[in-house]
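Only one chain is given next, in structure tokens, and it is the form predicted on its own.
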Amino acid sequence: MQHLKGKFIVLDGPEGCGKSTQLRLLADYLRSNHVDVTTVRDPGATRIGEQVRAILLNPENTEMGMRCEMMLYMSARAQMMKEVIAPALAQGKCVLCDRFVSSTLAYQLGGDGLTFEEIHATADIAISHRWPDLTIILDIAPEKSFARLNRAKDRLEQRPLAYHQQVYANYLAQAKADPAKYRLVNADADLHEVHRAIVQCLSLSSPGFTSL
């Protein structure tokens, strides 16, 4: 796993897919293999980012437009990239991120007429052109993933099922369009099976990984 030093890895997927749990398991595994790991969540990870997160997820903010929503996510990422991600990568650490631009390309794409090109161009500025080396999408349909949620739903989670079905389709479309930088992992499986599949995605034997 030493080849992961200085790599930027994202875990993403629909609500309730288990990405936060899997990120913790992966971080523990890499540390046990002597990889220096920095973990972050998107949005968040900085004082400013956490404030933006609170605004974005507050169910009371029902009037928020999709373009405003997209720009707030990008603002939080800009701060996280400057304050946490870029310095960690420069130090040779492996950065594991819970969600990233792949989430915006799933959740905000099409809202208020937002296009892939608009989101991608805005993100490129926000993250100073430092895209993830690999994005792992935890693949599970929203009908199943939402059944796992055992807490009050945030602003985005309260949207109708049809919206989340489109989000899921957007994730799959991203992975299909860029197989060199994305991996799909079946998340409708045992916790440890999912973890093993994620570790395999990061091994040198994984197709295409050596080119990242």
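Computed from a prediction, not measured in an experiment: that's the story for all the values here. One-based numbering along the sequence shown.
Note that the form predicted in complex with a small molecule isn't included here; everything after this is about it.
S.K.: Is the gap between E50 and the small molecule in the model of the complex 4.5 Å or less for some heavy atom pair?
M.R.: Residue-level check for E50: no, no contact with the small molecule.
S.K.: In the model of the complex, does D98 have a heavy atom within 4.5 Å of the small molecule?
M.R.: Residue-level check for D98: yes, a contact with the small molecule.
S.K.: Against the small molecule in the model of the complex, would Q79 count as a contact residue? Criterion: heavy atoms within 4.5 Å.
M.R.: Heavy-atom contact with the small molecule at 4.5 Å: absent for Q79.
S.K.: Tell me, yes or no, whether D36 is in contact with the small molecule in the model of the complex, where a contact means a heavy atom of each within 4.5 Å.
M.R.: Judged by the heavy-atom cut-off of 4.5 Å, D36 is well away from the small molecule in the model of the complex.
S.K.: The chain here is shown without the small molecule. Which stretch in 137-145, 84-92, 122-130, 98-106 comes within 4.5 angstroms of it in the model of the complex, by heavy atom distance?
M.R.: Correct option: 98-106.
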